[in-house]
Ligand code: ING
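Have a look below at one chain only, the form predicted alone, in structure tokens format.
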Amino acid sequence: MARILNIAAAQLGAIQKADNRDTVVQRMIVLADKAKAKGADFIVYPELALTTFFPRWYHENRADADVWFEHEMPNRATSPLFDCVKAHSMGMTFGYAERTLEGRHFNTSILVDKSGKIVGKYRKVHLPGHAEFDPQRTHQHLEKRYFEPGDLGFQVWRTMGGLFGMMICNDRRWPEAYRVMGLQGVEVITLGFNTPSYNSQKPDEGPEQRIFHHKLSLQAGAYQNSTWVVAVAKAGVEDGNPMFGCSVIVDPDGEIVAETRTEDDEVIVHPCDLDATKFGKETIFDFKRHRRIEHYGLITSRIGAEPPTE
């Protein structure tokens, strides 16, 4: 018996430093309206959806970056988006920069059900980049300067008729992230990303190779954990800095079933059968029958690679 959830991947084009949150939220509402017109039940927006990708900008005084952070959610700027998806009876997830009441800073994503209630929160665990200005790079990637590593782990939430998990951007490259959620029976993993089109430390690694690695990570994670994966970009050229799009929906067999074609605001919708996750979970990836955890100790006991001694 099928459990169909019509999932929309709502890609955003570039957001410039000069753009304000009200303008961005209106763009998100337009995409929500388009998704609803296509029958969507659930909409996925990108990482740091409300602002430009500010970790490319160096602030000597760390506190000067607080202008990019949200102190509460929903807030004045985002309330119209919450009202919109609630009126559409559509769940959603989107990413933003979170500043807590205690003054901590996280790269965060939230899960919102069809009533407009926040039912889940994830904070990015695998922060890429560096903490200090690096003149050797073609562009800066200062996530380690502006964010703390997430402290909520890889949770799974039972809502909207399925089991949902969240990741953000660089998390997609780490198989442990998928597996922890896979061990909780996850059926849909959402992932927002902002990925530069060129490697700041290897300029000849351009969009073609970066998109290859992007898809490889998503397809492997989906297949090896028999789950849907919905990965959504913020793309285009932000103040001269290009980011690739390639938002995709991947099925539990690891096949891409929908993909954006631009680097602009664009929405794609696919009917995702959550019961399609069952076959893999009950056969080749039946973890209870096949996993051999007595041999996996190094995964949680060692951080760096250490070759065996002679």
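Just count from 1 along the sequence shown to find any residue number. Fair warning: this is a prediction, and the values are worked out from it, not measured in the lab.
Absent from the display: the form predicted together with the ligand. The rest refers to it.
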Spell out, yes or no, whether the shortest heavy atom distance between residue 47 and the ligand in the predicted complex is within 4.5 Å. yes
Please check if residue 117 has a heavy atom lying within 4.5 Å of any heavy atom of the ligand in the predicted complex. no
Indicate whether the ligand has at least one heavy atom within 4.5 Å of a heavy atom of residue 217 in the predicted complex. no
So, residue 187 and the ligand: in the predicted complex, are they within 4.5 Å at any heavy atom pair? no
Tell me, please, which stretch of 82 to 90, 222 to 230, 192 to 200, 69 to 77 lies within 4.5 angstroms of the ligand in the predicted complex when heavy atoms are compared? 192 to 200
I need to confirm a contact call. Of 175, 149, 161, 128, which residue comes within 4.5 Å of the ligand in the predicted complex, counting heavy atoms only? 128
Sole residue of 179, 123, 105, 141 within 4.5 Å of the ligand in the predicted complex, by heavy atom: 141
Residues in 269 to 299 close to the ligand in the predicted complex, defined by a heavy atom within 4.5 Å, in order: none
